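The form predicted alone is given below as one chain in structure tokens.
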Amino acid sequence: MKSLQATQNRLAQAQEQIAILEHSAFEHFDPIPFQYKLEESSLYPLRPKEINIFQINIGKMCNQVCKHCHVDAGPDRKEIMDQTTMQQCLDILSAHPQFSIVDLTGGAPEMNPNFRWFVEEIAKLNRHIIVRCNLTILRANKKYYDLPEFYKKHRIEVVSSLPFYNKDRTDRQRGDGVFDDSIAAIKMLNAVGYGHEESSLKLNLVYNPAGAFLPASQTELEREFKQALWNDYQLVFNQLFCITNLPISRYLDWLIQSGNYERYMDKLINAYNPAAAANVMCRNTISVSWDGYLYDCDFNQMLELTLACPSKHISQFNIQQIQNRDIIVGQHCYGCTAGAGSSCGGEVV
């Protein structure tokens, strides 16, 4: 009963956030509906292109509680993908080779007790695997200390959040001690070959702005990060991905509580870029939740907006229905279409 009540509470919270985004909690603030912008750009309804990324959230449990987290992840979250659902994902991947990339996320995906088994089974299917690692998990417990070697063995691309290249800004966004642990974790990854130019082992970092503003140029920030991390710690990485904070979950709460919601939404709307809208990640990605439901993207997943077609769960998977669906859009989509655009792989323009 407690589990059911928790699920109902989270669903109610998601519905409340949708109401805020779509209808506005502020009587004097009347933002332009995102659909109108797509119509002006001749992109509505937004439809999939070639779908080649299978993104799977294997659990919301995390060893961190980050202020910007759109998943609302943390140590208290109990939602974990079970092995039965994982096997359903593997069956889909086996039957559909068009999914060339498998993107594992969370929470901290490594905290799922079947994480290593799942990675090994995906590797047998010869897919490119991405793991969204928060870095500090590598230092959280001895059972995670060998993860860099495990990643190396399976040629996994590691994508990790590092809000900034100094301690103060990182710890303010992600918690005390996170920066030092992150630096130590990058050293562990560098030691086995990750992040070096001559290596095929990719280590990419993710930057999210700490306040109510859009990220700066990805190219310029990458240059700054590389110079600072090398000069101060002799660390290397491959690319920096700049991701715009979307107004959902903890970040939406912060925007409202700090009085920044209207100003931030104005920034997103005024920065709308048709070229970014044409290349949003929901056009080539399917997002799978920890309990097997299907979504256009990770953000729609957090708002409980399942696919607008009969294939709403992995047990109902039909690639034709999924390929021919209309993508669900809302005000939060302005975050992915502002400026150079934003996706799980950084800028899209």
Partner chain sequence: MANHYYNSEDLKKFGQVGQFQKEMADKFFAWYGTVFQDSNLSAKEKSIIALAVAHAVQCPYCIEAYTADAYEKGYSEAQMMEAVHVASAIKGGAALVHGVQMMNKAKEIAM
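All figures in this text were calculated on a predicted structure; none of them were measured in a lab. Numbering follows the first chain given and starts at 1.
There is another form of this protein, the form predicted together with the partner chain, and it is not shown here; the text below is about that form.
With the partner omitted here, the stretch from 180-188, 150-158, 136-144, 210-218 that lies within 4.5 Å of the partner chain by heavy atoms in the model of the complex is 210-218. Taking non-hydrogen atoms only, D171 never approaches the partner chain to within 4.5 angstroms in the model of the complex. Among residues of the shown chain, E224 is one whose heavy atoms approach the partner chain to within 4.5 Å in the model of the complex.
In the model of the complex, H196 stays away from the partner chain, with no heavy atom inside 4.5 Å.
The partner chain in the model of the complex comes within 4.5 Å of a heavy atom belonging to F164. Though the partner chain is absent from this view, in the model of the complex it lies within 4.5 Å of a heavy atom of just one residue from R263, K78, R116, K124, which is R263. Site annotation in the model of the complex: the residue of K267, R250, H128, K202 reaching within 4.5 Å of the partner chain with a heavy atom is K267.
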